[in-house]
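First, one chain by itself in structure tokens, the form predicted alone.
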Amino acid sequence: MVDIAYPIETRTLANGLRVVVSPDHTVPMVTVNLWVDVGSRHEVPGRTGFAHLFEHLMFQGSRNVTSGEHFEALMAEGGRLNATTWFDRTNYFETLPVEAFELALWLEADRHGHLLDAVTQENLDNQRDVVKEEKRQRYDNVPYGNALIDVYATLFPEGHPYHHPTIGSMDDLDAATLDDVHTFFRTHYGPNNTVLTVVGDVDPPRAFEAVERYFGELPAITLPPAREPQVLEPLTEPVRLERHSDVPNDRLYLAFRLPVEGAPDFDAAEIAVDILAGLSTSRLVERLVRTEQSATGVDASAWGFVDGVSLGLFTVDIAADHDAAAVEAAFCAELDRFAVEGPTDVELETAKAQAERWWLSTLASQEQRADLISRYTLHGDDPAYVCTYLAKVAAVTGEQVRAAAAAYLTAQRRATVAYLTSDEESDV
């Protein structure tokens, strides 16, 4: 196992902003990465899509920055930047020459502290239209575009934080008033609800001083009362949704409830998912694609969430002239066999080696390293997780993998979303 020892220093400002600095002097670049503890799971019925909407609004100007200037100013310095929204967070990031480090901090502080000066009715209406167009392009007008929305709604019950997607409801966005949107920002966007990570060619004392100078004046917000996690146990019997539409081929999405990321058996469940279908040598790839040739592709991954449950997702593309139900039956048989037998020594070693390769490859990117540090600081208060993850994976035993598969990944515990090419539609 590779020994990882990135230098990491932390500080919390008086207003609650958690700051992590990891110096890396290999290239004269710096990454500024912010994770705000607000995602679609923090939304309430009738107010979905707000977290993602703010990912867009944050580039439309703030107190001292005009619309689009955030992009223009940093790209003029040779920077690259973007933002993403997910169930558990919203993320803003930029990588740029170290000479522009303080410009990035100033721009981020202005929008994180003073965005609402620029959130007018005109900007809100404009960005609502942008989100609608994004939904049309990414979801409504592409094959299988709404499949993940169906997966979430089928696996997680109505009212659960992961039941609805980050894109949200267009009806909810249409109904949102300017006051609703301002209230959402004031509720969630504050320094005490944010992690700021700096990775790159800057020494910690300078980085901390600069962050203090630009962010220290921002007032803490009153956070909503913490609520208990919405824990979901694995399904006790299969559930199913079928969609019949104009898709290139039949495709199955098979989803499972996993433990939350950080739970003792999440790592074992993630390894089980990889051994079953996440690697080119996986059991389901070998059986369905190479041997039986009933599928043209099989893939899988475990998505770690923090609010009571995670997601294990398998995707199977059915080969022409093969029956989706028969392929699903073979898939289920392989799952149940694995839950009894567990992995071979070679399978376990291969999965761990792949995890190590992926982790080291990810950490080699300054941007990705900053993102992981922010993630595990926000969700686990563990900025050094990037240095200890591989040791955790190496400690997982074959019996733990088998037990996790038996607990979470049997046929009886599956939610199937089937996108089929035939005419009829059923919802069972």
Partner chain sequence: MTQPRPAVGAPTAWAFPQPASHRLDTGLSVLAYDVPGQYVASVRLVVPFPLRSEPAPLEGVAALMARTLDEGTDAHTSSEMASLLERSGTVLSAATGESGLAVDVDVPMPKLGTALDLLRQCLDEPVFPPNEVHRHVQSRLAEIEQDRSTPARRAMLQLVRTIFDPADRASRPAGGSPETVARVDSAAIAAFHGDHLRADGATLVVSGALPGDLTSVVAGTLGGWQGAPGRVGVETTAPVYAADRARIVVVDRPGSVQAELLVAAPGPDRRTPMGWAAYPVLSFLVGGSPSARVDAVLREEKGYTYGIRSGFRPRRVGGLFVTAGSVRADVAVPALELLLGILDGARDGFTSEETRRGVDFVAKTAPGRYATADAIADEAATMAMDGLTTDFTTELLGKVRALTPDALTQAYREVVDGSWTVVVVGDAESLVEGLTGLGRGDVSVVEA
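Positions refer to the first chain, counted from 1. Since the model is a prediction, treat every value here as computed from it, not as a measurement.
One more form of this protein should be noted, the form predicted in complex with its partner chain, which is absent from this view; the next part is about it.
Only one of 75, 175, 178, 223 lies close to its partner chain in the predicted bound form, with a heavy atom inside 4.5 Å, and it is 75. When you look in the predicted bound form, the only residue of 126, 120, 301, 183 with a non-hydrogen atom within 4.5 Å of its partner chain is 126. You can rule out all but one of 190-198, 308-316, 289-297, 235-243: in the predicted bound form, only 289-297 has residues with a heavy atom within 4.5 Å of its partner chain. Using a 4.5 angstroms limit between non-hydrogen atoms, residue 42 is distant from its partner chain in the predicted bound form. Proximity of residue 109 to its partner chain in the predicted bound form falls within the 4.5 Å heavy atom cutoff. Among heavy atoms of residue 371, none comes within 4.5 Å of its partner chain in the predicted bound form.
For residue 329, no non-hydrogen atom is located within 4.5 Å of its partner chain in the predicted bound form, even though that partner is not displayed. Candidate site formed by 50, 149 and 391: none of these residues places a non-hydrogen atom within 4.5 angstroms of its partner chain in the predicted bound form.
Contact residues in stretch 230-257 (any heavy atom within 4.5 Å of its partner chain, taken in the predicted bound form) are 248, 249, 251.
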